[in-house]
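Below you will find one chain, with nothing else, as structure tokens; this is the form predicted on its own, and questions on how it binds or moves follow later.
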């Protein structure tokens, strides 16, 4: 089988607050409202993805951290309760998801050809991280499509952002080849925030939007600089600026998710659709889509 393709790459941040505010049946806590700008941005992106049509979501999450190599979820079905370790009052989510193990194995094989250290995660009791669950839920709340889940190999922590980028660009190339060989239409989800300095206290009512703002003007300026480059299609410039941005904005781009996704797309000169920008407990979050020229949302 061949002629598969990546039909979209998305920056899909994973604050559990967004799921909490939507009150889906899977999540136990109930909210009144909250973070509508980001939630409605996700809603607009979902409509565009539905118009395109796709077969599988491939997600790389900062919260599945592996320090020796990149790991891939290799269990056909995962079902359990996910509780956010920082916000258990907001996110206690019962998930039941299908995994495209064959595609995961194919990406792993291609990644090994790139010289990367890899491993398939075969433990049937593995608890899927909340970043993967949140990004996938907000992109496809019906859960009617399988996923491929990829870990964040913490090369930034051990080495540097530059080493991380080299490895994640290689993983992106591997992902693109595996998708092409699969015959499937894939959407890639880079599950990370932009600036990532949190508040240190929580409001009595978490969804009280009068308390919500970016942590500092300096971090806001960094977010806007990166989003402006994305909107102009200067994606190589995004990667060139990534080491400084990751350090100065304390950004979740240290996970490699955004670099991987842009690498899989071939780092195109392709303007992004910015669906929303907003803050969650002070962190900067953007919902963004990149669509190859031949794909029309």
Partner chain sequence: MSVTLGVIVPGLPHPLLVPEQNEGWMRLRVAYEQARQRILESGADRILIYSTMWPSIIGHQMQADPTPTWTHVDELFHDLGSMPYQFRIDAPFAERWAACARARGLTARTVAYHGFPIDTGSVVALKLLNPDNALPAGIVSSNMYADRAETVVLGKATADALEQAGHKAAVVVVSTLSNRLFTDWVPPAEDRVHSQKDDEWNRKILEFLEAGRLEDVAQLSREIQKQIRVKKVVNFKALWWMSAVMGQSNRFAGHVHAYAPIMGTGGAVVTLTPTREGFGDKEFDEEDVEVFQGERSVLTRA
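Note that the structure is predicted; figures quoted are calculated from it, not measured. Numbering follows the first chain given and starts at 1.
Beyond the structure shown, there is the form predicted in complex with the partner chain, which is absent from this document and is the topic of what follows.
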property: Stretch from 97-105, 221-229, 153-161, 179-187 whose residues place a heavy atom within 4.5 Å of the partner chain in the predicted complex; result: 153-161
property: The partner chain in the predicted complex reached by all of 42, 47 and 259, non-hydrogen atom within 4.5 Å; result: no
property: Touches the partner chain in the predicted complex: residue 199 (any heavy atom, 4.5 Å); result: yes
property: Touches the partner chain in the predicted complex: residue 142 (any heavy atom, 4.5 Å); result: no
property: Touches the partner chain in the predicted complex: residue 21 (any heavy atom, 4.5 Å); result: no
property: Contact label in the predicted complex: residue 276 to the partner chain, heavy atom within 4.5 Å; result: no
property: Interface residues of 70-93 toward the partner chain, as seen in the predicted complex [heavy atoms, 4.5 Å]; result: 71, 80, 81, 83, 84, 85, 86, 87, 88, 89, 92
